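Single chain ahead, written as structure tokens, the form predicted alone.
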């Protein structure tokens, strides 16, 4: 019997929709909100604007922004202590993937015992979370609609992948205007992260007709709008399109899971303490090259979604075209061509490869891979610009 599940939060989308956060928290029964906002969001004034709407809804709040760009296990415990001491009863996250991951982790531990390490893996959360509302500040992570949280294990120096439908926010509020305060560099790297999410979700062994629709639409939107969004902070059309793309990619990968690229990305991110978006953008064409033989037909569809005319091409030629278009887009928006530019030491590759096979995202990769295969991909990404073509 074929059974699939498809989950999304309530989604509020549109310019100026940040003004909905107070009403959202109120109707979910909150009286004191734990507002999680990264330092960039605080410095840009978005947290202060959110507070205005919390005040209008007559809600108390506690702001927490003391966490890293890659939130760590001990920081989550500090956030949990503040949440409890402040008697909060709901979590509102405003920011990129780091803020949302930190918020999800605190929400998890507020109702579930132990440390965040206890929930690494799939479906380890047993108790319901408090109300969770998410406002993304980047068009990349898709955390506002996903069942994922990524937290750094400070001892093992790896990123723990936590997957649970309990982590799907109750409400996602996507306001494209917030994207206008993000730099071109961050826009590029988070946009390519969204592309890697969409592509891996489309190729995933757990993909369905419903996830494929969202994945392909995200690929199309990103290929058409990322360059413009990187080029101009005030291109409202591009910002709206990229906010939609991030939503669609997030819905796709939350339900279809991901693959080898993200599994490898988490290991490098844990070692080098770099943003996931940067690493996944670098690895994407190399992993696509490896997975090609398992997904020739789907690669052709990716090429078509990215605007290629494939009618007169063979399936293999169209598949190769998909990899080329991803490389071209990455180059245009300034993504490094290989892991050497990120400072990855070659000596770390064997251990990274062993750890990759333990990552939950690895399970749904469309092509089998052993440790030697993963080592070869890492080495290709370290030494050979352009995806090994």
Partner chain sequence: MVMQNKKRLIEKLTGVHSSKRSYYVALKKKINELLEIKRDWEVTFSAVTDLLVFINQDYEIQRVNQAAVDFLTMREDEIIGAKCYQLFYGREKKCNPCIGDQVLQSQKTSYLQSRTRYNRVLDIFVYPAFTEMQEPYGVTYYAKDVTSFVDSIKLVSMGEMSAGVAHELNSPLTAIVGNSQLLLRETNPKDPQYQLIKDIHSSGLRCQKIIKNLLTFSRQDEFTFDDVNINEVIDSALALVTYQIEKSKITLTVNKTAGIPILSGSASSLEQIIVNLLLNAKDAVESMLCDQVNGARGEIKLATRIHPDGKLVIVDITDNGSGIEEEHIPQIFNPFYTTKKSGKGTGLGLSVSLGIAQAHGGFIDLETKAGSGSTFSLILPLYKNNQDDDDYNK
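As the structure is a computational prediction, the values presented were derived from the model and not from experiment. Positions refer to the first chain, counted from 1.
FYI, the form predicted in complex with the partner chain isn't displayed, but the following is about it.
Enquirer: Which of 363, 42, 340, 69 has a heavy atom within 4.5 Å of the partner chain in the predicted complex?
Expert: Checked against the cut-off, the match is 363.
Enquirer: In the predicted complex, which of the listed residues (205, 293, 313, 210) lies with a heavy atom within 4.5 Å of the partner chain?
Expert: By the 4.5 Å heavy-atom cutoff, the listed residue in contact is 205.
Enquirer: 269 to 277, 296 to 304, 230 to 238, 165 to 173: which one contacts the partner chain in the predicted complex at 4.5 Å, heavy atom to heavy atom?
Expert: After filtering at 4.5 Å, what remains is 165 to 173.
Enquirer: May I ask whether 12, 19 and 181 each come within 4.5 Å of the partner chain in the predicted complex, counting any non-hydrogen atom?
Expert: Contact check failed for every one of 12, 19 and 181.
Enquirer: Please check if residue 114 has a heavy atom lying within 4.5 Å of any heavy atom of the partner chain in the predicted complex.
Expert: So residue 114 does not count as contacting the partner chain.
Enquirer: If we define contact as a non-hydrogen atom of the residue within 4.5 angstroms of the partner, is residue 118 a contact of the partner chain in the predicted complex?
Expert: No.
Enquirer: Would you classify residue 177 as touching the partner chain in the predicted complex, given a 4.5 Å non-hydrogen atom cut-off?
Expert: No.
Enquirer: Taking 4.5 angstroms as the cut-off for heavy atoms, does residue 126 touch the partner chain in the predicted complex?
Expert: Output for residue 126 is yes: heavy atoms within 4.5 Å of the partner chain.
Enquirer: Only counting heavy atoms and a 4.5 Å limit, does any residue of 34 to 61 reach the partner chain in the predicted complex, and if so which ones?
Expert: If the 4.5 Å heavy-atom criterion is applied to the partner chain in the predicted complex, 34 to 61 yields nothing.
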